[in-house]
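Consider the single chain below, provided in structure tokens and representing the form predicted on its own.
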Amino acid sequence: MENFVDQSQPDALFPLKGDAARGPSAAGTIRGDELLVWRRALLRRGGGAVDLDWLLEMAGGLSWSQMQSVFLHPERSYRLDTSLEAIETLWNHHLQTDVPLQYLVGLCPWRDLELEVGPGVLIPRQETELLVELALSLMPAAVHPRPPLVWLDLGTGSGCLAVALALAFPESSGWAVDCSDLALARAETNLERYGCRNSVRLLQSHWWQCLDVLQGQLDLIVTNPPYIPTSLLANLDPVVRQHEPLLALDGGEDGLDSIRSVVAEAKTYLAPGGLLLMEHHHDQSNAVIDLLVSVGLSQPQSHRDLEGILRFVSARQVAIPGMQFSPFP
């Protein structure tokens, strides 16, 4: 059991896939009916089936489609990458301490990536994937020759957006900025994991504090700042409230403190025609649009998340007259 969670160290991480050799006792095959009995026993202790099946996939290597096969063909045998005892240890620890399963496994699937995550860094959310999709659909490319695209991930956290943008725009030059050294270390690991560390500069800064060199240079700014009103933090699920960094969640009294800091200087840093994309709380759309208008950004627009909720905004720096743009292919 030495490769798994040490109960005396609540934030110990499960070895990443392929990162640790596992002995014969750590893997093997099991009949589907035996697996279902084990699964029912664990669910009786608490937690949800979706979470347990996620753990079976990430720690045990049993995919969602394979799990469906277990239900349909319990008489068959299925291979696990590690032992049920090890997975059970993780599940019990999660139930007892509310430590996120992503922290215990050390990985978080996000978009088409598997990102390393750990304590002190916000776990990437599914809705934030849409910031990348918005960048792909809204980001203009000048028709006339120009230097490579320059973008900024402001408050990079795990580096999820930075990795996605570096892969989407392989000829670009990117900056990933955060005030947390833990976040920057994790972002660097994930950039290296996907072979795009050399195209992205990492910088420790509190919002715009150390970014003067980028004034007027950015074609794209993406940011997912803290936006939860302080009064609502107590209502968050214990898995989030007790373990994920409040620094990445607490947006102040009205949830807009960090958003104001971002918007106040964005116009100074955007190149002509440059695009700002930002995530916000589910009820802040009108307030954020007003902030964008107040600083003179053009074309402010709200965008919906996967559930149809206004969750994102975009706006542009005024373009140079006569400047022509076409979408990226």
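All residue numbers refer to positions in the sequence shown, first residue = 1. Please read these numbers as outputs of a predicted model, since none were measured by experiment.
Heads up, the form predicted in complex with a small molecule isn't pictured, but that's what we're talking about next.
The closest heavy atom approach of G252 to the small molecule in the predicted bound form falls outside 4.5 Å.
In the predicted bound form, A248 approaches the small molecule with a heavy atom inside 4.5 Å. Among heavy atoms of L122, some come within 4.5 Å of the small molecule in the predicted bound form.
Contact check for W110: every heavy atom lies farther than 4.5 Å from the small molecule in the predicted bound form.
With the partner omitted here, the stretch from 98-106, 219-227, 156-164, 78-86 that lies within 4.5 Å of the small molecule by heavy atoms in the predicted bound form is 219-227. Contact with the small molecule in the predicted bound form, defined as a heavy atom within 4.5 Å, holds for exactly one of E114, D257, E188, E127, namely E127.
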